[in-house]
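Only one chain is included here, represented as structure tokens and corresponding to the form predicted alone.
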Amino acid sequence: MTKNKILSKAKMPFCQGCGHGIIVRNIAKAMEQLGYTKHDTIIVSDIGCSGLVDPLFDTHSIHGLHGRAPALGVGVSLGLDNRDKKVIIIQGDGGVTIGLQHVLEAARRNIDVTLVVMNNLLYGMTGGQISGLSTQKFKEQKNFEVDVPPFEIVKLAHASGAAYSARATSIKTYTEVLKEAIEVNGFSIVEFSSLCTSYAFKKLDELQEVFEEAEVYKNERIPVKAHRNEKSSLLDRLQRIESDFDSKVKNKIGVVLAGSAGGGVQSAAKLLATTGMFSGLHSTMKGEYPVTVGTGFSIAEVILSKTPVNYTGLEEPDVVIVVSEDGWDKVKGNITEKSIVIMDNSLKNEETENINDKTVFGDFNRKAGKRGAALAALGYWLQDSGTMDVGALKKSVSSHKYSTVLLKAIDAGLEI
């Protein structure tokens, strides 16, 4: 028995009696018996009940959009171009129906991936609706779309050029069928009958009555390989940022800027990240705002570090700059006793005055306007803390098309 387990210790998330758990265990068993390790395995999952598999595999994993998992798997396989690694794509019958063209395209090109289809005959997460892979016998029992034939995904994949296509309805054959499919050099697909005790059947023999075992179909083909062309990196065209300034950052510092949409929060965060680079630091920046873009909150997170930043998550920020009610409502739950909080005077009330003993208020909106408040508060913090030279911030705006306006906003913060 291999010590390098494919499965994690996470509890199966499926309904009691669901067949998906059996398929998951057989995928892991097949991979282990073939000698693959968790580091050699890439799981690409879809949305739906089958998409709950992500935490179950102690491997590399990607969670895709509904029906799009095969497209992601194709990209990973072509990018790896390594027979010692294996891409396993997991979809339900609903995902295959929605993204059928992706399946057929992967089969047509004969990309080296294995697609596992967990067919429980319906859309299990949304109430048990019929899917395109619901069998004719099942639809007759449900008295639904009996005149509309289902897709025969195994035959469709074979006709499209798949190197290996099979259906498995007996649990006893699952591991061996999977091993045969995984060993294929090219596109392989295995459709498994999976029991849905919530909306379909309670017993396996009832499920097996509506499925027909399919013969194994094979196409002797060479899989498509990615054609690689050596080109110069796009990064080579970027102008190198020289570190002309020093900083007082000893290890790493995380800054959150919070305001309203259209308030310059994202621009201020980008300028802060650039300021960090001018100061010899590694920096990352990511923003969050609603789909409406023009209304609601606008949040940005910046990490400044002496060493490369491998994880951009920021759960407990060191510094929080807030210039509007929208921003405050979004970030107040992440402020800790250790956070330095800089807020606009318009937000001063009993709640905000009692956040912690490191909270400072200033007239940032009144001095710099809505669009300049975040940058003004940023300038205030840099000058007050000495974390980085304000000159580095001013240099970061020097080449901006609105540099004059931005410099006025920074100066407004320095005067507070």
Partner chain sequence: MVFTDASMLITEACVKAGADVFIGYPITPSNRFYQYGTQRFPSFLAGPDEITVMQWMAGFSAAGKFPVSATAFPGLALMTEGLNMAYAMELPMLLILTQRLGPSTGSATTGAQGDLMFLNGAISGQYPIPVFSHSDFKDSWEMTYEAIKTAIKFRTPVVLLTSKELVMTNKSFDLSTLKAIEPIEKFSTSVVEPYKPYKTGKEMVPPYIPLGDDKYQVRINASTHNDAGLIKKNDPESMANTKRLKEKFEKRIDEITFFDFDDQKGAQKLIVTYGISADAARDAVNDLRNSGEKVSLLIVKTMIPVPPKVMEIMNRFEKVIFVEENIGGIYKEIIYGNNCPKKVSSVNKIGSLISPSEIVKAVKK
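Positions refer to the first chain, counted from 1. Since we're looking at a predicted model, the values are computed, not measured.
One more form of this protein exists, namely the form predicted together with its partner chain; it is left out here, but the text below deals with it.
The three marked residues, His39, Gln239 and His282, each reach its partner chain in the predicted bound form, with a heavy atom inside 4.5 Å.
For the options Lys139, Lys332, Lys286, Lys218, the one in contact with its partner chain in the predicted bound form, meaning a heavy atom within 4.5 Å, is Lys286.
Comment: its partner chain is not present in this chain, but in the predicted bound form one of Thr274, Thr135, Ser198, Ser339 has a heavy atom within 4.5 Å of it, namely Thr274. The stretch from 350-358, 62-70, 369-377, 384-392 that comes within 4.5 Å of its partner chain in the predicted bound form, counting heavy atoms only, is 62-70. Within this chain, Asp58 lines the site of its partner chain in the predicted bound form, having a heavy atom no more than 4.5 Å away. Mapping the unseen interface onto this chain, Lys179 falls outside it, with no heavy atom inside 4.5 Å of its partner chain in the predicted bound form. Of the heavy atoms in Lys155, none are within 4.5 Å of its partner chain in the predicted bound form.
Its partner chain is not drawn, but in the predicted bound form it has no heavy atom within 4.5 Å of Gly262. Taking its partner chain as it sits in the predicted bound form, the stretch 103-131 comes within 4.5 angstroms of it through a non-hydrogen atom at Glu105, Arg109.
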